[in-house]
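The chain below stands alone, shown as structure tokens; this is the form predicted on its own.
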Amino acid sequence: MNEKHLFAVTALFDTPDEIIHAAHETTSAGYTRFDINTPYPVHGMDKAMGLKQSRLGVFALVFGLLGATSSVLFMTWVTLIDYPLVIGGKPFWSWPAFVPVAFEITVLLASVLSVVTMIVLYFKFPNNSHPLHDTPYMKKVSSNKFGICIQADDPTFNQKAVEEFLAKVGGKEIGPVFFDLEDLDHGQHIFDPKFIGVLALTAILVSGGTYFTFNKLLYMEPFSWMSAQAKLKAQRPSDLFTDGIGMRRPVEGTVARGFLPYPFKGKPDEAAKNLVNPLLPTKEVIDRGKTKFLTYCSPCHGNFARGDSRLAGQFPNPPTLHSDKVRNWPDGSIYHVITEGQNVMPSYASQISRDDRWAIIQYIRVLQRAHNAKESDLK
């Protein structure tokens, strides 16, 4: 190089105690633009260097709050404005359901954006050059030595004085480090055409490689992950049967193991006559029925079975369950309606178990008696 630009003066030390002492003395001497390089973290180094708390934590806090606030506001807009939907009898704005999503978005933004901020603002990405790179000093402090680097832009820097100071605190192999002229004025050029081109090429190669791997490579023999098997798949054609359909109907009269078909399908009168509630109205049964009623029944029938739907007009209101007709129904009739449905009410057989249906009926009887209490009940 025809012209040299001094970056810093460096010195090496043999032990962690020596580098801690050197850092403390450097701070006491009034130097502020210096750095310590060690092959592993040294406890107490930040205090010896007089380092202030990193501002990166502030960025992490801001990004975390941004993630939490934006996720909650977005879910609030969806559940209250864009697509209000009652799920399991819960209110439209159910904050416990927001917690997992808000937590994940908070952690995601705080971690990812903090790393991006560190790389871009502090490390001057995409400029990855540094005067210490590939120097004998850096090779040694990356292995088994400890080093200090006092930069030339320090307000009190004087090369001769710095070299004498480093020798005084026990430094070895003291010497200057110069800038590489090619990188001296490089700066931080995120929108450099070459850099943008490398990013675009990388994105294309990664996307293409990922697509090829997951859509082509994994289906090539013999490494096809058993995607092609000699078996019938639902909703796939098959040459085994004359009609070409792979999915077959069960043999007539087939009953699933552990399941008994409902014997009064389409026979409400026989259900009313033959079905008897097998559960006693104990506190445990009634509490169980209340839980299931509030989950599955109250959105339409209301919390007290008065027919005052909680769906705010999104669905036709059913009749009250406190009418003389329903109060005089046998338990079997109510069980039949829950099982098969009636009018616009669908069947809940696939959602509510048999015992839970009977427990709901016991709770309905409690509501009916409370709504139509006799004088003897009030004594």
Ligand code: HEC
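Position 1 is the first residue in the sequence shown; the rest follow in order. As the structure is a computational prediction, the values presented were derived from the model and not from experiment.
Missing here is the form predicted together with heme C (HEC); even so, the following discussion is about that form.
For the candidate spot formed by Pro41, Leu132 and Ser143, no residue has a non-hydrogen atom within 4.5 angstroms of heme C (HEC) in the model of the complex.
In the model of the complex, at least one heavy atom of Pro318 sits within 4.5 Å of a heavy atom of heme C (HEC). Using a 4.5 angstroms limit between non-hydrogen atoms, Ile364 touches heme C (HEC) in the model of the complex. Not displayed here, heme C (HEC) is approached by Cys297 to within 4.5 Å at the level of heavy atoms in the model of the complex. Shown alone here, Val344 lies within 4.5 Å of heme C (HEC) in the model of the complex, counting heavy atoms only. The partner is absent here; in the model of the complex, the one residue of Met45, Ile352, Ala68, Ala60 having a heavy atom within 4.5 Å of heme C (HEC) is Ile352. With the partner omitted here, the stretch from 330 to 338, 22 to 30, 45 to 53, 60 to 68 that lies within 4.5 Å of heme C (HEC) by heavy atoms in the model of the complex is 330 to 338.
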